[in-house]
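Given next, in structure tokens, is a single chain: the form predicted on its own.
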Amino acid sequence: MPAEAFITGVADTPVGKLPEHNCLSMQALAARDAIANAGLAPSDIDGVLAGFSFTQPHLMLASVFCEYMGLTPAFTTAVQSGGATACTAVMLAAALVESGQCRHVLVVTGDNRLTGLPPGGAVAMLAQVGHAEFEQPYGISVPAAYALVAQRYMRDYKVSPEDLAAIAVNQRRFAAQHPHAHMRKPITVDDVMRSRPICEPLKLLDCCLVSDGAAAVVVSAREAADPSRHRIAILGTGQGHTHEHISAAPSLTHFGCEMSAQQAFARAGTIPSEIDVAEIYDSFTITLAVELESMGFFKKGEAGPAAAAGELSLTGSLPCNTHGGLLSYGHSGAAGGMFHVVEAVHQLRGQAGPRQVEGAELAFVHGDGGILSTHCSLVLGQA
């Protein structure tokens, strides 16, 4: 069945320290560029979906953004699914254009977490992720929760800290080739292993960055998407949820990403081995390892050794997070996941420069919110 929803425009800002911007100004910059990239005018946008912000929280952030931009869409709402927000919003945008409610939906994300919050502010705000009765009173943090997953994973599948470190090294290698990336200095496995301990077994370089930055995409209906421009088809989408709080997770090794990926692959009529490039949420090295394996790209315990063997590199069997991911490109809240979507589109358009995966025709994108809690997967392809 032919695709009915297409990504027609993408844009992202530089990532890192952007003290000259606030949340809305960064979002507006990315939005204007994405609309122009689609060959549209702001007046063509009849749907707006906005991610959440830590620095400018608002119950109706999408409406605030529309007011800021002077947009009057037929449909607008904010989306809040943690790190899955970007993929979830793209999935919702596709549903809006497929149902005929909108022709062009702008999805915008961005935050200035690095310069707009006090030191440690982003980590402190994420403490609310923990269960108010069973987790927060005992001081568990987001890194500590992921460390629980890492310890169980390493025990069950005989994986070493060095295997996880190889994932961080691969991400940094890609980021070094991206002019917008927050961190571009090359690192080694030894650098990761010697970096400051955060929560055993995770070290500083096993953890994502805190960044300023924004990203936006335009999703258009088939009949509204200009075929003369390089539009990218949304071929398959899926979601999966097993828990919200880690204390309620039915497993520490099997998560909802298995379900979301299966749905997306089935709807796209493809399988993991046919994917040319993957852009998968990597809040920690363990996040990427667990998700790659759960979604069928590698067997259990093999993702880290695969990274060490070069299988996630540009010439490997599955080039992964070719912009550097959250670990090295940058993480600015909901925009962190949107950076993955933008990079997938660049790859499928053949616009990734030195990071370009030769002949890329199918891309897989995945977002994960909470402690491996909420999951959304996308399969994108050439129109």
Partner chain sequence: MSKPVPVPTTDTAHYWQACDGEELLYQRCGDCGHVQFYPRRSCVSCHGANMTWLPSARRGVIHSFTIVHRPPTPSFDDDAPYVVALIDLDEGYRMMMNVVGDDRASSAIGRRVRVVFEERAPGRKVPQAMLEAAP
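Residue numbers count along the first chain shown, from 1. Predicted model only: the values in this text are computed from it and were never measured.
What comes next is about the form predicted together with its partner chain, which does not appear here.
**OP:** Go through 91 to 99, 178 to 186, 144 to 152, 288 to 296 and give me the stretch that gets within 4.5 Å of its partner chain in the predicted bound form, heavy atoms only.
**Re:** Looking at the other structure, the answer is 144 to 152.
**OP:** Run the contact test on His131, Glu135 and Ile198 with a 4.5 Å heavy atom cut-off to its partner chain in the predicted bound form and return yes or no.
**Re:** Heavy-atom distance to its partner chain in the predicted bound form: all three under 4.5 Å.
**OP:** Could you check which residue among Leu252, Ala224, Ala78, Ala308 gets a heavy atom within 4.5 Å of its partner chain in the predicted bound form?
**Re:** Only one option qualifies, and that one is Leu252.
**OP:** Would you kindly say which of Ala165, Ile140, Ala261, Ile280 lies with a heavy atom within 4.5 Å of its partner chain in the predicted bound form?
**Re:** It is Ile140 that has a heavy atom within 4.5 Å of the partner.
Original post:
Looking at the partner-bound form in the predicted bound form, is Ser247 within 4.5 Å of its partner chain by any heavy atom?
Top reply: Yes, Ser247 sits close enough to its partner chain in the predicted bound form that at least one of its heavy atoms falls within 4.5 Å.
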